[in-house]
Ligand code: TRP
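In the block that follows, a single chain appears as structure tokens, in the form predicted alone.
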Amino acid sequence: MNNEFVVTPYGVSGEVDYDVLIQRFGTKRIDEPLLKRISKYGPLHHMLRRQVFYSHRDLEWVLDEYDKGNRFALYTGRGPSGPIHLGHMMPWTFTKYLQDVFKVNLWFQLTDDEKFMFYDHLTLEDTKKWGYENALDIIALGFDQKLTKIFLDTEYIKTMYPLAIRAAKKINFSTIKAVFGFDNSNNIGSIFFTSIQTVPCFLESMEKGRKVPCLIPCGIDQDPHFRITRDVAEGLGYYKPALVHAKLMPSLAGAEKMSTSTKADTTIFTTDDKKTVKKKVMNAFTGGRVSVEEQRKLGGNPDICSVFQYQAYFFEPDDAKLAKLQADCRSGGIMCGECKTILFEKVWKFLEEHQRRREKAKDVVQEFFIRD
């Protein structure tokens, strides 16, 4: 595989080799002994079993602390720049699994400031509006209201700012340039932003008045922010945050990352209607052959098929059923049209219920938010 790919919080390009990425970022694979340990707390999520969440930093240490009674807090987030799609939902679904299994607090950051600074077409009013819209999707997933705190940076900045500037004082511009590839054209707000993203790792510690471990479930493209955070954490008087990393959910076009801002026809949004979802799924890239006859004879290739990847990443938690689907594809026992129909039915069943819950979330959204 070509190693010329780029993965940063601000852009993913090329065909990502996740094994190479572990080496580049210096993370650890979630191996069988660690999976066995996690299974003692509750059933293993299919995203763990299938190596969708496949990499980590200090996950063993977080579990050690949990076993001692020093419960960790969860932290994840969203940059509100547009509607939510299934790629966003994947790590949030896993975060909910962690909250359900370990019964721990979740701090959910909405970085309205970040998206304003990075996107010329968005006003601060736009990013705030998208923050509240996106929160409906977060709440609709069923996070425990008693354990979940959602905040917009601009509405919680009085609490965050003192620690953000303490972090900023420890981070050199040369580090930011090296990690993110910034140059002299970047505005100074974007250069400062990692200091803001550092703070939620320590909000539970600030609230409790003692050092509390933090676990961050996120796409592996977000890891660079937290490498910097880990470098300054102990100097700020806190534990280094631990991370568990997901692979990036592909678009319906194949290997590329699902995107909000581009190629909307290959991205499924949570607010899409049934007709739109069906059209997108039925037009998806597959690993099929050029004809039905050839497919029946030679079989398809699920390894490159976006339809199969959606089943594996998100929509088919039963390993036996997924294995049968894979075998049927390779043997030519199922055609791409059938496979697409199966996926569409699952996606629409999920979205129909999600949209119902999303509408109900409007009644309670304010109760989830914390502000200064």
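Note that the structure is predicted; figures quoted are calculated from it, not measured. Residue indices: 1-based, along the sequence shown.
Quick note: we don't show the form predicted together with this ligand, though the next part is all about it.
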Of F72, F116, Y75, Y156, which residue is found within 4.5 angstroms of this ligand in the predicted bound form when only non-hydrogen atoms are counted? Y75
Looking at T267, T286, Q109, S195 here, can you tell me which has any non-hydrogen atom within 4.5 angstroms of this ligand in the predicted bound form? Q109
Among 268-276, 210-218, 178-186, 138-146, which stretch sits within 4.5 Å of this ligand in the predicted bound form, heavy atoms only? 210-218
Does at least one non-hydrogen atom of N105 fall within 4.5 angstroms of this ligand in the predicted bound form? no
Do F226 and this ligand share at least one heavy atom pair within 4.5 Å in the predicted bound form? yes
4.5 Å heavy atom contact, G79 and this ligand in the predicted bound form: yes
Quick one: is S205 in contact with this ligand in the predicted bound form, heavy atoms, 4.5 Å cut-off? no
